[in-house]
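Here you get one chain, nothing else, as structure tokens; it is the form predicted on its own.
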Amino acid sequence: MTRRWTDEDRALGMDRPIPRRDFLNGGAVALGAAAIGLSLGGATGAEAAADGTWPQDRPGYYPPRLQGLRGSHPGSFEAAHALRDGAAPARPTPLKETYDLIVVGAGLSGLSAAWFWRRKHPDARILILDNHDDFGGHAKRNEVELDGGVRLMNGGTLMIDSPFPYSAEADGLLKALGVDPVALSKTCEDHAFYRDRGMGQAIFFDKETFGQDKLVGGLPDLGEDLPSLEAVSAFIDATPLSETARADLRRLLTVSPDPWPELSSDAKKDRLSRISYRDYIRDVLKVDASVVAMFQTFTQGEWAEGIDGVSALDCWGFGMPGFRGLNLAPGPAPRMSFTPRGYCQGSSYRFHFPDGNASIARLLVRALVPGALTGSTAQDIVTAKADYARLDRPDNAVRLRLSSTVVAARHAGGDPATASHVEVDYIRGGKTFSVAGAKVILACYNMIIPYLCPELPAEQKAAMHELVKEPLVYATVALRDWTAFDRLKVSSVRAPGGYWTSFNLDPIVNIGDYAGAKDPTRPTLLRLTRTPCAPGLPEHDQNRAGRAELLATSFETFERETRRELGRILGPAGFDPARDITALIVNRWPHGYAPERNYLWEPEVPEDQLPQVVARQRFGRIAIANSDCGGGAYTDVAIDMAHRAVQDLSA
């Protein structure tokens, strides 16, 4: 049946032939895989061929090149949702496979757990099972062939970065893999490239929110102690805000007065912890409603919710404006979340691989499965060739099995104290299989674990159910060129009223044989961010609403909104979405960031009663490893929790 496009659709380029994998209301439609020579199977997982081989074992299998809907892609979650909804998996077919360790989840935490276990037990046989068609979990790699070469973008975890210095264990793992973030940042990242071209950050004021469509460049760096007054004035004078709102914005960005001169620094911090940033700037600092609207989405990239759901104290730690007059003492404070940056705590080193932390996942796989990836350094991992057919060979000491959703992990005989092993059931290609492991590390999402292990203590299961992960979407857009950005002198855009609330050109990183896209007349990639939420609700309710939205949004909707927004913002500089967008990858994560403690909504409890601490307790031969049980969506947290799980099982 021929698709009937509207005139607007044709103007946007919706009728153009780009690879698409779509999902809506529980049904999957594979449209893009065949276009690049892949066959990933049906909605419930990859099917085995007549000869018994699975897709990952066949030549040409390479999921990083898939376009359309990625992240939590069709086929990766249906079996888990059915288990949650009470469906009983079919009786498993026992496989004649036994392992010293089975790891559930091939994200950074699961891969790190396997790596730590091998260091401690060099002769161990390990099986890693993952529900996705690729390894890495949230450290997703997007590859697009452009201009005769391959361009890379992160489809999930962006970079090596944390509010605290990396632990000895996390830092040691990186160093063992050859990753020196400080040296790599100095030699590979060109932080000044766009700035040297006169390009910077802009805000798009949309007419629905601000009365006029206007892109305003020159947004000052909010993290500076005191931005240039000249730069602040130039930016404010160019906005479509009223004179009253401009005066309020100038006050907010420069010399906000002290609203509580009678309070000590500690008392001020405590008061800031009990109100949202929205309420602080709106009700305490009395700024205009349009200024509140301008900042509403600034926190979404960090917390997956707007300034109405984040405490003013956390926003002070994050470097948001409006606190200079308070003269707060540096340092952390009670009732502060996991992210006290800037003024508050020394943070970790930072480095961005071109594919985000997918390069770390690739380094781990190269270390665990010899021959799976070519090369030997952190520099050449970026362009290393991956042979997925090597991941699950019977003679491997470590086997990595994709498109395999675990649905049960139970102690043989039912008693954790006397069991000799753990039986693990998983669904692959619509069939259920069972394998045995002496020990098991669950490096999957916390909220699925009570369904995998119903015999867990009630208190531990309740703690796991408290977790509500933060939904988000990262889209990768291939552009014919980036001349419109160059003409507008912007490299990144915030759009408070947009479908995508921010987007930026690919950072310039030159590493190994990979070079950044420095010619504006040649193709590049663009990264867009959306964190759906429901302003005004408590945090977890916002997250649930956002998750429901993502699961009900078709790829066609994502594509149309992408074309509309980019055309609207960049059109005045000659950008044509029908002509200039050549590919689109939508990395949808309904269960995205591991949430931090939000004391604006959640009670203070002793450390040993925090849900993540209760949830991560060892249960017989089963240990828990993931960023969820570390209470923070950072790579070092995932690594640290993997190390702790290995220590738990080795005790």
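Residue indices: 1-based, along the sequence shown. Source: prediction; values computed, not measured.
The following text describes the form predicted in complex with a small molecule, which does not appear among the structures shown.
Contact check for Leu129, Leu452 and Ala638: all three have a heavy atom within 4.5 Å of the small molecule in the predicted complex. Within this chain, His138 lines the site of the small molecule in the predicted complex, having a heavy atom no more than 4.5 Å away.
Remark: Gly107 counts among the residues lining the small molecule in the predicted complex, judged by a heavy atom distance of 4.5 Å or less. The closest heavy atom approach of Gly322 to the small molecule in the predicted complex falls outside 4.5 Å.
Of the heavy atoms in Gly156, some are within 4.5 Å of the small molecule in the predicted complex. Listed residues Asn142, Ser359, Asn543, Thr405 were compared with the small molecule in the predicted complex; Thr405 is the one with a heavy atom within 4.5 Å. Screening Ile102, Ala304, Cys444, Val493 for any heavy atom within 4.5 Å of the small molecule in the predicted complex leaves a single hit, Cys444. Contact with the small molecule in the predicted complex, judged as any non-hydrogen atom within 4.5 angstroms, is confined among 385-393, 547-555, 187-195, 436-444 to 436-444.
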